[in-house]
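So here's one chain in two forms, each on its own in structure tokens, numbered structure 1 and structure 2.
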Structure 1
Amino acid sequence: MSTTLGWLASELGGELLGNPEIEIRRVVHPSHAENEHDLALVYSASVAPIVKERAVQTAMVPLSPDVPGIPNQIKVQRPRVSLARLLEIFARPPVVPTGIHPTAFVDPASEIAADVSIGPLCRIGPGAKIGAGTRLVSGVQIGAEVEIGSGCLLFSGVCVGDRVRIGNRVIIKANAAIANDGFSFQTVEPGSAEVVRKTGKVQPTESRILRINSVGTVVIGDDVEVGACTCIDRATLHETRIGNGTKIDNLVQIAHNVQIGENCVIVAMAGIAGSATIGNRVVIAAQAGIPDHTTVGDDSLIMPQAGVTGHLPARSYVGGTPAMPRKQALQDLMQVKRIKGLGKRIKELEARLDQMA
């Protein structure tokens, strides 16, 4: 890899200071800068002591403030936007041998585009179709009749069940489990959860539990990212759906029939229960929970560990369990701190009244 500071500055649309001929070999935090070939990321003046200590020679810096003492600089407007481009240039994609590895099993009844990479010990089921440039690292299990678009990247251990449809440029990380049957059961007689909801009382039931099979599938749009060990369950009848551009972190649960819009961000360990509908550009933070059959409106923001309990209109901003508007949740927390003081004031009032009586 050979890239000069001048070329990078023009790629990033940034302003160049210093020597455009320096070859940049790595992008680093200032504390790891070793020489002029290391492009240090300087986001704020707070790293100035590190810059000095490491004698940083080359850096990408914001338009302001100035961080003094760096001879070679690229000045950019939004450093994290530029970082995205930088790390596209300096990407280190997983090593996947070209073509179909001899230890992979590709069903003869599948259709594999010419330049697909299927790594060691992958399985491609009958009727599957895999689009141009898609890469499967190793040990990936693809079911029957699965359709995967072009330019996708599936890491080791990913399991995709039969009939799933995946768009283009989708990234699925290690050991994600796509299209398992939904967790859907029905008791022959009303079960305890059903009874308690109606009566408020727990009644033992000896009812047999019937399984409701999932005959539907999962559809994943373009440019979606699915995290490691994340589970997306198959729909009961039709499709569990992840909209274009939505990014899902590790260890997320997306249950059967869930509909997720476009460009959502769902952070690690969030759980979305069956048949919930999530709008577009919704952010669900880590460890939050969305109950079944609820709707979360566009552009909503759900804080970490929030426990949503009902429908949320567009642009909701909620936290806490049960989740409520963020402001209200914070106020409640502060109100609790007042109780002790209120108790004292009541005691004083009582004493004053007693004296007056």
Structure 2
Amino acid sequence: MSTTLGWLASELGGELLGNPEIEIRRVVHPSHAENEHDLALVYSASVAPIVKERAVQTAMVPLSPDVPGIPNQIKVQRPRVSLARLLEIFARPPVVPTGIHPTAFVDPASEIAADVSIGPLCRIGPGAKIGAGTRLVSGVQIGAEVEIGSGCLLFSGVCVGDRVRIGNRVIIKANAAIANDGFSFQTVEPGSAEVVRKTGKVQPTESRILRINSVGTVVIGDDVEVGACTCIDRATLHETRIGNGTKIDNLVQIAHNVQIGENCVIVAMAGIAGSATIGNRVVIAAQAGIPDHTTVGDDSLIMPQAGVTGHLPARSYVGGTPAMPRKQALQDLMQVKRIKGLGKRIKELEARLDQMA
């Protein structure tokens, strides 16, 4: 069945203007539109010059303001919300044929649903369970007694350690590592870091460092996305947990025992140290750091490169290092930028005083 403009308008809950019978073959940026079969994404009137130059014939546009000159339109309330459904319709998923590739190793003691796709060089450990419709692209390593729900997608090189539980519709991007041991060590005698915290003085020590094994696991809820090369460490004793709907970007470090709530967004290169607790709907921007045993309340927003140093109540909005309320962080930044001008002004005043002396 062809995808017509009228059908798309119905699927997106949008208002249709123009010919509902046009077949839509591609979704494109306005600068790449070639004919009426290309649905251009027009988010605002600011792209009007491009629309005019390319003579765009068909587009998805916001309800307001009007974008003139496009004869066929789907007008939607929130274009990026509609974009999510639109690109679901026009998705180009990775090619993973249904069934088990001849080079994959699947332990006889595992349980694999009938329509699971397991690509080349994957390994499935004993006692693992993989639900219906789940796809493993290639080189995916699944440990013993791992449980993976239905409709999941694990890209190449993903490594999932033993006893991990993963919910339904989870996406894990290339080379992510789930359930390595946590970074947990202890010196036999008080080490230099322990001494300096107590006394404020750095003293060299020769104490041997003991490894504390992680015997817990990782639990990932439904509809979670984990970015490429992200690491989620297993708990020391119980569970490191990622709540339903949480989205984690590439290159994020989530340490042992961390508890992350539902519908959080954690952006690239953020780091969350051991035993931290993150509430629901929290946004942690790029390169922000959360220390160990810290609690971040629900609906908080942590700005890029923020260095959190203590507990944050619900609905906090912080930035800077050490992290402080956003308004104060921006004021401090402006003061730093004024220093150069103040230094110049002081030199001018000094010169004038020297002349008066």
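Small disclaimer: the values here were computed from a predicted structure and weren't measured. Here, residue number means position along structure 1's sequence, counting from 1. For the two forms, the rigid core is made up of the largest set of C-alpha atoms that agree within 1.5 Å on superposition.
Taken from the form predicted in complex with a further copy of the same chain is structure 1; the remaining one is not. For Ile346, the displacement of the CA atom between the two structures, after superposition on the rigid core, amounts to 9.1 Å. Its Cα shifted by 2.8 Å, Met334 is compared between the two structures on a rigid core fit.
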